[in-house]
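Heads up, the chain below is alone and in the form predicted alone; it's given as structure tokens.
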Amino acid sequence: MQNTVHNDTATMVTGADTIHSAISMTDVTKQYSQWQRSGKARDLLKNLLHPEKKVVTALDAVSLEIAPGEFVAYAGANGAGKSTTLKILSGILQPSSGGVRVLGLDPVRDRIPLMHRIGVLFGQRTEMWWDHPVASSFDWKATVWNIPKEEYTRMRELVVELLDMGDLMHTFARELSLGQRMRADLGLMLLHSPELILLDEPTLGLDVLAKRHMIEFLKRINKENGTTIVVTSHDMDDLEEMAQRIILLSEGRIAFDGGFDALRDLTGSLRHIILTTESDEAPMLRSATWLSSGENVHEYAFDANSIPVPAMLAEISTLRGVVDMETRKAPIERVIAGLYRQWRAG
């Protein structure tokens, strides 16, 4: 497995404390116990008297540092430990062993003061009052969290404008579409101006327009406000557009930590070529692998480290019926899928 260490550090000053990391995890392990039952009638007595217990390791000695102001993608296959990590960082779960500091605080012991400085959003959950207008949930949070009126007014106006929520504020939460609810939940989470936000699948199920609103807003508050953001998603193209750094988990361990270009380098210089032809028949390319065809458009993959781009273009120039050509980097989704296959095989 490739393990690239990200060493950037920054300093955050809050009151009398100086914090060099927004997030610090040192050898964090999280294990769960699962009782095993066969489900067969003949094993009923055995299951009752001598049940078997299986220990599942969700995180295995994970260590990482995230500096204030970073926008970090946290990715991995199902069961890799992504959601477990976010729950540990927010104090919902306690690690089995290891040390965790978030904004200089212990997420378990200092959970209440930490909650006033971070925001957490899980994609399929909502904190809004289901049978009330969105505005009521916003006002409720301002009261319960004791947000100063001036700050609340400023943040409410900001999120309503940037998330295009003007028409949603007086709509009942139960009447919102998924994309509208996700925007409302994000706006609600940001009302207290968190220094760090943890997002678990924030674009899951969103249409193209709603996803665009979400991504552009997150990039803006990261750039303009210096908000530290950690986001998980199964959509790697979304992550590449949002984040500057990606941490990949595999079986509870960090398998990669670095930039997206460095991640691509692990699988060679994988590139795609798209050919538009006069017919629907895909041309034969000796130096590239055919991927798909549709409506006279054909896509191929090749490794530019093995086959230089000029050589590939020279081969294409000998083909008949080609009316257009485009070459680009392979989608990060395909690159990561290839890495997962390598890791599981190795």
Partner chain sequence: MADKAYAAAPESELQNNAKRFSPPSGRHSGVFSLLFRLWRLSARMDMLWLLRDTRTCLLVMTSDLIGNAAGMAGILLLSARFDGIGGMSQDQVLFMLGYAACIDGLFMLFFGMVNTGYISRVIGRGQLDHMLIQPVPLPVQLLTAGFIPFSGSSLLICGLGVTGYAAARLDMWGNPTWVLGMGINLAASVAVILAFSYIIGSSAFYAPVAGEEVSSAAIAFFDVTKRFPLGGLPLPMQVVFCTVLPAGLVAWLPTARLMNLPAAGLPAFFLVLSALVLGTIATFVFRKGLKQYAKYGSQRYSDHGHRR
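What you see is a predicted model, and the numbers here were worked out from it, not measured in a lab. Numbering follows the first chain given and starts at 1.
The form predicted in complex with its partner chain is left out here; the points below concern that form.
Asks: Looking at D167, D207, D261, D131, which has any heavy atom no more than 4.5 Å from its partner chain in the predicted complex?
Replies: Here the answer is residue option D131.
Asks: Work out which of D265, E216, E241, D110 lies within 4.5 Å of its partner chain in the predicted complex, going by heavy atoms.
Replies: Contact check passes for D110.
Asks: In the predicted complex, which of 271 to 279, 249 to 257, 207 to 215, 137 to 145 comes within 4.5 Å of its partner chain (heavy atoms)?
Replies: Comparing against its partner chain in the predicted complex, the contact stretch is 137 to 145.
Asks: For the three residues K30, L93 and R117, which mark the spot I'm curious about, does each lie within 4.5 Å of its partner chain in the predicted complex through at least one heavy atom?
Replies: Yes.
Asks: Decide whether S233 counts as a contact residue for its partner chain in the predicted complex under a heavy atom distance cut-off of 4.5 Å.
Replies: Close contact is absent here: in the predicted complex, S233 is far from its partner chain, nothing within 4.5 Å, heavy atoms only.
Asks: For G104, is any heavy atom within 4.5 Å of its partner chain in the predicted complex, or not?
Replies: Yes, G104 is a contact residue.
Asks: Do G98 and its partner chain come within 4.5 Å of each other in the predicted complex, heavy atoms counted?
Replies: Residue-level check for G98: no, no contact with its partner chain.
Asks: Give a yes or no for K329: in the predicted complex, does one of its heavy atoms lie within 4.5 Å of a heavy atom belonging to its partner chain?
Replies: Although its partner chain is absent here, K329 would stay clear of it in the predicted complex, with no heavy atoms inside 4.5 Å.
Asks: Taking only heavy atoms into account, state which residues of 290 to 309 are within 4.5 Å of its partner chain in the predicted complex, ordered by sequence.
Replies: Not one residue comes within 4.5 Å of the partner.
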